[in-house]
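The chain below stands alone and is given as structure tokens, in the form predicted alone.
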């Protein structure tokens, strides 16, 4: 009996030591990120995005200043905190990127093919979407998330997004929930927020878009979802697809009540 008590005490000490090490590691990662946030290079994308918003471009040579992001033509302040949303002029639910695509086509006269030639930046080839997203989302920094399901199509999008989040498939039988349904999980220096819980959903959603230090690029939420699909070994998402918008709607609605805090900075 004495021996069993001693073994139990030893195991308890080992687990306690492991928990302490985990907490210490998480604290150091948080401190590292806080240091990175000071002087976030995303500001460069924000400046370019504001310029692109005001530039007269496309076959029609007009700016995006007449684009309605949901709060009236040209109103950017706070718009992202209420996206995705239903837009009656398109009779669709749209997130930021798909709405920008809609405005580039309808207002500026770009063809869809031309407007989607480069949706994610790489090296010296920058994406207009990432720059525009950086500036527009920065205009919602500090604004409380308030995504509404008051339209039937928004409710349908949310339900589709929820199904997609838990759907398992691909060669590894993964789903979004495989990595994002438990507390205190991480891959290297990247924590994996538990998106099934309110706190995790708020933390996970409100810190995108983000500047990725490892890539030297500003990445949008559409990129984040597409990269998750890549890691699950699923086919790439079509830019602005119904599924990508539905997943965004599911996660954005679950983040309601939190102050938006992006563009952020990540490893």
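Note that the coordinates shown come from a computational prediction; the quantities given were computed from them, not determined experimentally. Numbering follows the first chain given and starts at 1.
FYI, the form predicted in complex with ligand HEC isn't displayed, but the following is about it.
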Proximity of residue 195 to ligand HEC in the model of the complex, heavy atoms at 4.5 Å: yes
Look up in the model of the complex whether residue 247 has a non-hydrogen atom within 4.5 angstroms of ligand HEC, and give yes or no. yes
Applying a 4.5 Å heavy atom distance criterion, does residue 92 contact ligand HEC in the model of the complex? no
Even though the partner isn't displayed, in the model of the complex is residue 224 close enough to ligand HEC, meaning a heavy atom within 4.5 Å? yes
Contact assignment for ligand HEC in the model of the complex, among 176, 76, 160, 145, heavy atom within 4.5 Å: 176
Segment that reaches ligand HEC in the model of the complex - one of 39-47, 52-60, 65-73, 225-233, heavy atoms within 4.5 Å: 225-233
Check for me: heavy atom within 4.5 Å of ligand HEC in the model of the complex, for each of 103, 126 and 219, yes or no. no
Is any part of 249-267 within 4.5 angstroms of ligand HEC in the model of the complex by a non-hydrogen atom, and which residues would that be? 251, 266, 267
